[in-house]
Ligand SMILES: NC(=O)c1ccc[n+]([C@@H]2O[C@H](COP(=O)([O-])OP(=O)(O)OC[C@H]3O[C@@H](n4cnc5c(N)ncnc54)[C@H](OP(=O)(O)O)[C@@H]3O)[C@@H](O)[C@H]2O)c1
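Here we start with a single chain on its own, the form predicted on its own, put down as structure tokens.
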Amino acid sequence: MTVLVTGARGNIGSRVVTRLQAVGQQIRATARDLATLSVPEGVETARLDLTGEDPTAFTEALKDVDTVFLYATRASAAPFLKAAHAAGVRHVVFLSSPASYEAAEFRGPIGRIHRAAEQDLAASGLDHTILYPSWLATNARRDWGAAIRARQPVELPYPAAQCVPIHPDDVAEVAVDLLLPDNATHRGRMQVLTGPASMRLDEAVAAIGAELGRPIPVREISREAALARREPWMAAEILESLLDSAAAAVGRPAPITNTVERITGRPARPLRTWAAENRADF
């Protein structure tokens, strides 16, 4: 049987594809535009728009599919989920976000998107497990990479906000365990995934500096300054929600779980491991 990986060009989806192939699993990787999708040799691909409304458009992607790796979309994926149920899909692993339930974010845009997607999944009747990964280590590259490469201070509106960085490979490896057709040991309603340690954002910057062998200065800026420097690709409403979450996390240790170790059999990787693997990005 086949594992369908949606969002196969994404940060986590691409890693899921690579790891499924490594264990010899039949995979079908999908994207709305196959021209943007690059997969390892031998991996089958299919065009798939999760938010489409024509059930017949899902037939090819879902043929002989046993399990599905799914991500949240802004528009409803309910028609796809209905088609997946009709096609006999046995389990869905859904990549969600703690914003779905955390007090500072669940009413915000990120929380609303993920809660709506979870509700569609629950209504579909499909057996599923929801993954809630903590702060992805790759956020450091996205948010701080340009400043670090330019040897400029990393500007943070809430440097004392606490997070638990998680290596994206840990998320992918948990997902693969849950997706393998003959492995149902850890399937459940949800799995909360975190890295091994809660740390302040400025401590996370320092951890990257330690791997680079040089200190990285941090400059605290106001909330207003952060909003004024918003990147065009990030909606103002989303940045407001992220700032609300950071403000709520100041001085408050972030929750830590042992889920990664319990499922994969090895401890979650620390941030410095990810930083060492990605030195060239900084």
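Note that the coordinates shown come from a computational prediction; the quantities given were computed from them, not determined experimentally. Residues carry their position along the shown sequence, with the first being 1.
Omitted here: the form predicted together with the named molecule. The next part is about that form.
Proximity to the named molecule in the predicted complex, single hit among I27, L50, V68, A61 (heavy atom within 4.5 Å):
Looking at the other structure, the residue within range turns out to be L50.
Could you check which residue among S198, T129, S124, N139 gets a heavy atom within 4.5 Å of the named molecule in the predicted complex?
By the 4.5 Å criterion, the partner-contacting residue is N139.
Three residues, A31, S97 and H114; all within 4.5 Å of the named molecule in the predicted complex via heavy atoms?
Yes, the whole trio is in contact, each within 4.5 Å by some heavy atom.
Segment assignment from 222-230, 31-39, 244-252, 209-217: heavy atom within 4.5 Å of the named molecule in the predicted complex:
Going by heavy atoms within 4.5 Å, the stretch is 31-39.
Using heavy atoms and a 4.5 Å limit, would one call V260 a contact residue for the named molecule in the predicted complex?
Contact with the named molecule, no.
Interface membership of T73, the named molecule in the predicted complex, 4.5 Å heavy atom rule:
Taking the distances in the predicted complex, the answer for T73 is yes, it comes within 4.5 Å of the named molecule.
Should T18 be classed as touching the named molecule in the predicted complex when contacts are defined as heavy atoms within 4.5 Å?
Close contact is absent here: in the predicted complex, T18 is far from the named molecule, nothing within 4.5 Å, heavy atoms only.
Find out whether any non-hydrogen atom of N11 is located within 4.5 angstroms of the named molecule in the predicted complex, and reply yes or no.
Heavy-atom contact with the named molecule at 4.5 Å: present for N11.
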